[in-house]
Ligand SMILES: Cc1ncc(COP(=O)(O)O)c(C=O)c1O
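Shown below, as structure tokens, is a lone chain in the form predicted on its own; questions about how it binds or moves come after it.
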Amino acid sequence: MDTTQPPTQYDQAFWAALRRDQFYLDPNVIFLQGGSVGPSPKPVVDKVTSSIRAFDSDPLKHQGIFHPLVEEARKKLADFVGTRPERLSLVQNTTMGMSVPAQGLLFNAGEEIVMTDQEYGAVSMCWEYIAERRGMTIKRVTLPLEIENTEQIVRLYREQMTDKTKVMVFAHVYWSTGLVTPVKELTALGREHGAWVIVDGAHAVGMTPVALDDWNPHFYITSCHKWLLSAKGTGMLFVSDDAHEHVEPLILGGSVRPNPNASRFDMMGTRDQTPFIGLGTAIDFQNEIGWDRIRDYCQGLAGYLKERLKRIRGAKVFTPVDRDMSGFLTTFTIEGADIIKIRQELWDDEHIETVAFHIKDVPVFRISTHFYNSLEDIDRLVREIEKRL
């Protein structure tokens, strides 16, 4: 399906019924902000809440019952991202997962960290902290707002790599423009230079294909509460086999014992396991619909939005059109418009939930379209923006 091809009427009816029957979303809100946090479908919410009730009916009994359910969810997630469950740690979010290699690997003064000037704030601050503490240098790849092809991305990274490069950080899907990067090629580049390859996959899982065993970065981290629509506080850390023995666990406890599985990097101690039981349900929910079908529909929505934006004078889309370089995020600016003010008015006046910020001093909207959205949501968004120009 071409990314510019809108869904058919049959498709629209199917997804409208799914939103109405399977989500608790307020019907008076147009939610175009799933890139920050997604709404979990009813089966996930119901699974988590029923699990909480069951657990608190007899905590000691259900602690033993819940463990196999969490491990089942780990297996489902491993299948979804193309790896073995032994390589996955269940953490609470991307920030926590990123802290494992940042705090657990050994670094020396004078070594270099290479990452772009568009890394997510928490990721950037994490590595800035490590660089300052360890006497390392950060080299920034200047990532243009408009990317021509995937070869350009690899070339920009290659130009910054040296024999001092110890860490290579990049996003699978950039939070800023929705750009999808070539993980396999970038991983090969990092490994060629002997660098630890660390991928911020916060926006990727549930949006674009993931094949971790094939790509084999050293670390790949994601938050499952965005596009996978899992319960809040569910994340994933992938650890390659050749990285496992070189990284210390973030939390010390039972994790200090020898353990060949990445589960040693799970948060240790007593914690609420019900969100991870809900994670398994979230994966089942998307698999039952058919993830390829979900991707086609959401790509169609994003393509439709890009086409509709052409009618707005001064609008410029920074997200690539190519299906392999884009997903369900669409970032655009409008010349001369007070985008931050318009975003607030969209919410105050119309209950249209979006996000606006600045990239490289350019004000932009970032619109997230998932399968609970519709063509009418996009039409209304564009109409309301036009009224305010």
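Please read these numbers as outputs of a predicted model, since none were measured by experiment. Numbering starts at 1 and runs along the sequence shown.
What comes next is about the form predicted together with the ligand, which is not displayed.
S.K.: Using a 4.5 Å heavy atom cut-off, which residue among W215, Y120, F318, W127 comes into contact with the ligand in the predicted complex?
M.R.: Here the answer is residue option Y120.
S.K.: Within 4.5 Å of the ligand in the predicted complex, heavy atoms considered, which of S89, T83, T177, T94?
M.R.: Contact check passes for T94.
S.K.: Using a 4.5 Å heavy atom cut-off, indicate which stretch of 201-209, 299-307, 106-114, 177-185 touches the ligand in the predicted complex.
M.R.: This holds for exactly one stretch, 201-209.
S.K.: Just checking whether S230 would be counted as a contact of the ligand in the predicted complex - the rule being heavy atoms within 4.5 angstroms.
M.R.: Contact with the ligand, no.
S.K.: R74 near the ligand in the predicted complex, any heavy atom under 4.5 Å?
M.R.: Residue-level check for R74: no, no contact with the ligand.
S.K.: Under the 4.5 Å heavy atom criterion, name the residues of 205-236 that approach the ligand in the predicted complex, in sequence order.
M.R.: The stretch touches the partner through S223, H225, K226.
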